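What follows is one chain in structure tokens, specifically the form predicted on its own.
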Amino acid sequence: MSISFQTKVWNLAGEGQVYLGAFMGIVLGLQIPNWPPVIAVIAILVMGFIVGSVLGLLPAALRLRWGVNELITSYMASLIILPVVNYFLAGPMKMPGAGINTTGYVNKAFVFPKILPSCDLHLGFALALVLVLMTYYFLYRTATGYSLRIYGFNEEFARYGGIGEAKCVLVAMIASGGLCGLAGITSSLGVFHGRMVEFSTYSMGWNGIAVALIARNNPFGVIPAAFLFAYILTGANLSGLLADIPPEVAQVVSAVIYYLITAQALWRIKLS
């Protein structure tokens, strides 16, 4: 999300991209159970990235061809993908005898090992840190990343400087969608032990938007912003269960915190 938002190209298909990436990656994993684990995992991750990119390519193409607002088309693409994937989870791809809508398990050798045995933290966390570094390098140390940021800062100036709209829109949506798809399949290979469960990645795409806004779209800021978001979200859920605090109160408190951060209100109060 930090890539597309810095380019001022609004990708709201993150939820669908995460969901589709998780599903198609597991489908591929089920078809290649005898592949060498390293090659198989790479292929599964690439599949997640590709399907997320394709879902990001559709709104980008509609914007460039007919000027359709990508806010609407990306959001609608996400809404379409979710029930389609759920149909396959409840029907053709459902694991026989399972009490929930889920695919079967991929080869255990393909599953990300846990970093800490007492929780769901797995090797995908290390992959996320590497991707943060790669994203930062891409945005701030390459000519293409510079073009994306200039286009997002001032579209007219970018055109005057010879930076093409088509390239910026396509690269931003493809990269953003691909990383969302990669997030989905990483979760399935780690948290869910190599299977795709219905609703398992719900809200991950929307949470990504909130985290990017809290981080001011800076890739390095995504790490502490994600921890802050997770801390608040988990605390809100536990307070409702253990402290008799209504969920609405926790949501209001969370919303105020997000507003103060994204609007830079705390910084302005400090300066005053």
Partner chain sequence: MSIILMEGIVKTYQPNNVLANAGIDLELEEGKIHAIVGENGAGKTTLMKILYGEEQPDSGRIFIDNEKVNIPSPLVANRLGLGMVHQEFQLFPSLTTAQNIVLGAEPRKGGLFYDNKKADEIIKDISVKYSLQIEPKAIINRMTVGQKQRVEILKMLYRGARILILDEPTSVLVEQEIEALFKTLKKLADSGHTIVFITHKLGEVKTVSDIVFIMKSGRMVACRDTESVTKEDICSLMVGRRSEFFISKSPIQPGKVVLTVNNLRILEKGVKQPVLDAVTFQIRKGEIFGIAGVAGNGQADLVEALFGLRKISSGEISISGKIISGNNPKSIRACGVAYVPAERTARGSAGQACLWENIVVSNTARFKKRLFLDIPAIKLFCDDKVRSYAIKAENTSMKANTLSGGNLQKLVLSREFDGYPEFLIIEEPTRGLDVKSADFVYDRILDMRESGCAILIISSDLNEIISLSDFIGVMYRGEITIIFDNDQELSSYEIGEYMMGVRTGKVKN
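Numbering follows the first chain given and starts at 1. Source: prediction; values computed, not measured.
There is also a form predicted together with the partner chain; it is not shown, and the following applies to it.
- Among the residues 127, 111, 170, 163, the one placing a heavy atom within 4.5 Å of the partner chain in the predicted complex is 163.
- Proximity of residue 195 to the partner chain in the predicted complex falls outside the 4.5 Å heavy atom cutoff.
- Contact check for residue 149: a non-hydrogen atom falls within 4.5 Å of the partner chain in the predicted complex.
- Looking at 187-195, 132-140, 174-182, 102-110, the stretch with residues near the partner chain in the predicted complex, meaning non-hydrogen atoms within 4.5 angstroms, turns out to be 132-140.
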